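Given next, in structure tokens, is a single chain: the form predicted alone.
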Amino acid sequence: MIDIINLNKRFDNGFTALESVSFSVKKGDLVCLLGPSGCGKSTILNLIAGLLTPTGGDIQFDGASVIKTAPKDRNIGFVFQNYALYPHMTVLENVMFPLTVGKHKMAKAEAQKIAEEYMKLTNIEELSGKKPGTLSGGQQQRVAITRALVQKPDILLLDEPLSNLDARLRLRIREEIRRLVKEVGITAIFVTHDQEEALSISDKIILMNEGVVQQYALPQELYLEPANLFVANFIGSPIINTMKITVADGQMNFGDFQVPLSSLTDSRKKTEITDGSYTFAIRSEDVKPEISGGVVEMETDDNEVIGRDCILRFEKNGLVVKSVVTLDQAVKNVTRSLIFNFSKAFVFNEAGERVY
């Protein structure tokens, strides 16, 4: 169990990287730290590893603080973005290395036996005698992961380990990472800025922005029940449709059209929606282009094919709405009546807090 308690990190130049960050990771979970560049993801990883010292707060492993524990004594495996393999050593020697130094030091024969067991687990045993410079990016990454796992750490930290790989290889390696983590039964924290990556492999996701946790939840919960406007905008592809509206006299005013406030389901309201300015948001799959019966008529001005589906882009007087449809519904320069599924829409106040 990892407990991060009111963690703060302020650098000497005055930049605050983290502000009162708190979360817990259960033993055996694979948790992703997700967010844009500079949001504090890697800083958290380095603090957990002991490579940085927090300005305030605490880090606990199984209820015991590790703030004053040296990095080498935290029993952590760390996989870096640039692999950090020793170029003059073979793959086998790279994997064996952690077992031949420090507190893990053991006889060479025993170290080789353990290394070969883990190399078999990660399917790199055929690379045993090769040097890192002769390997592909995916092979190097598997070697780096194996070297981290061979120490049998309590915690595995991965800092954007797939960012240097091409899209197809990323897909395969991330599946392998999840398989390995679950097979070994290790607690893992995985840093990424790629939401698809996080959504596909995580047990839970911690979404960060500007050093603050925006939401910590199951992957599907971030998508279906975003805590605020930032989460709604960050999670999902295509990006969620957002529209500035005003509420007055029981009506939501979208500019070119109005919708009764009663269209919103009472059970989904977080707080009472009073008169004022708001942001209305709805996912593209919850906008249906029909011949009639919708809240507004708009014309398609573009379409984008994404595999078996198509994204239709509608525009009217500066208002843009996207809808995901099947390929046989793909059209262009055609007027459609857009039906909004209000039971799955969201409303946020001016501070970005969710009210519906």
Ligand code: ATP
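No experiment lies behind these values; they were computed from the predicted model shown. Residue indices: 1-based, along the sequence shown.
The protein also exists as the form predicted together with the named molecule; that form is not presented, and the subsequent description refers to it.
- The named molecule is not drawn, but in the predicted complex it has a heavy atom within 4.5 Å of Cys39.
- Looking at Ala345, you'd find every heavy atom of it more than 4.5 angstroms from the named molecule in the predicted complex.
- At least one heavy atom of Glu160 is located within 4.5 Å of the named molecule in the predicted complex.
- The named molecule is not drawn, but in the predicted complex it has no heavy atom within 4.5 Å of Leu338.
- For the named molecule in the predicted complex, the listed stretch (42-50, 66-74, 305-313, 326-334) containing residues with heavy atoms inside 4.5 Å is 42-50.
- Annotation for 8-38: interface residues with the named molecule in the predicted complex are Phe11, Asn13, Phe15, Ala17, Pro36, Ser37, Gly38 [heavy atom within 4.5 Å].
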